[in-house]
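Shown below, as structure tokens, is a lone chain in the form predicted on its own; questions about how it binds or moves come after it.
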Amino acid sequence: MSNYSVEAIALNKVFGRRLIFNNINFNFNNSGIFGISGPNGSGKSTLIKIISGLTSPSSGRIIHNYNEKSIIPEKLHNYIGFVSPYLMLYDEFSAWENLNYFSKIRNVPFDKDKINYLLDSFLLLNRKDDLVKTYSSGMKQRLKFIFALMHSPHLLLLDEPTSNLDAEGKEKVYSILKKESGTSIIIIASNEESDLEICSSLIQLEKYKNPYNSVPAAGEITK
């Protein structure tokens, strides 16, 4: 059970004259792993950005609550972790320096013991002092997970989370996500079959392309 909830009410997003999705409703109020599926260009990243507060819906709204109290947008970053292809790292810093720097920007404690634990969990501990520019794309992706988890978020938002990961890296990520899902809400946006297999329910964006649609609440669409 999570004391965090995220609810979507009649979300609609339009770019120009193009409808991205319409009438998305869900209420995730229990810990677990939930998915957003759809082909490339279907709006998965757009929906994740709306949930995170990085962009706004054309209509409808997202409500974040913690202990039954609404979270104001300015404080939302304290509660969520984010992994995406467009999250940038500083190549001229080491992994350790990147993590320390971003903890200061986000005004969260830099817990050295936890950071070392996460580095070890994601197989990066022996490379923590190396410059990020020497990392492979898979190592950089694993480092992004440490950024997302270092402050123990209540909501973890993952956009194409296993891109650039080999089979070993994917299994490591899935193992950690399953553990985190015991206390946190995790939302994965992906068209990767192995990513969606660990989700208990899916928001299938192809069902939300009709401007007049009326479909079940997305949180109720199970696999």
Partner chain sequence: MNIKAFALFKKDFHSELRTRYAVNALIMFIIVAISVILFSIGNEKISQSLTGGLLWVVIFFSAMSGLSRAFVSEEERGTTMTLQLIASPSTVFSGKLLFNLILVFVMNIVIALLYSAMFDAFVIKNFLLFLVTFLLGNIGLAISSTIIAAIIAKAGSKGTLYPVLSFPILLPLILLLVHLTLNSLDGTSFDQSLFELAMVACYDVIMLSASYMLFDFVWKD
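Quantities reported herein were computed from a predicted structural model and do not represent experimental measurements. Numbering follows the first chain given and starts at 1.
Note that the form predicted in complex with its partner chain isn't included here; everything after this is about it.
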Checklist entry - Any chance Y90 has a heavy atom within 4.5 Å of its partner chain in the model of the complex? => result yes
Checklist entry - Just to confirm, R127 within 4.5 Å of its partner chain in the model of the complex by heavy atoms? => result no
Next on the checklist: I'd like to check something about S163: if you look in the model of the complex, is any of its heavy atoms closer than or equal to 4.5 Å to a heavy atom of its partner chain?
Outcome noted: no
Checklist entry - Does any heavy atom of T55 come within 4.5 Å of a heavy atom of its partner chain in the model of the complex? => result yes
Checklist entry - Of the listed stretches (63-71, 166-174, 181-189, 46-54), which one has a non-hydrogen atom within 4.5 Å of its partner chain in the model of the complex? => result 46-54
Item to check | Listed residue that, although its partner chain is not shown, lies within 4.5 Å of it in the model of the complex (heavy atoms), from F122, F102, Y135, W96 | outcome: F102
Next on the checklist: When its partner chain is placed as it is in the model of the complex, are I80, R106 and L131 each within 4.5 Å of it, taking any non-hydrogen atom of the residue?
Outcome noted: yes
Checklist entry - Who in 147-179 is close to its partner chain in the model of the complex, meaning a heavy atom within 4.5 Å? => result F147
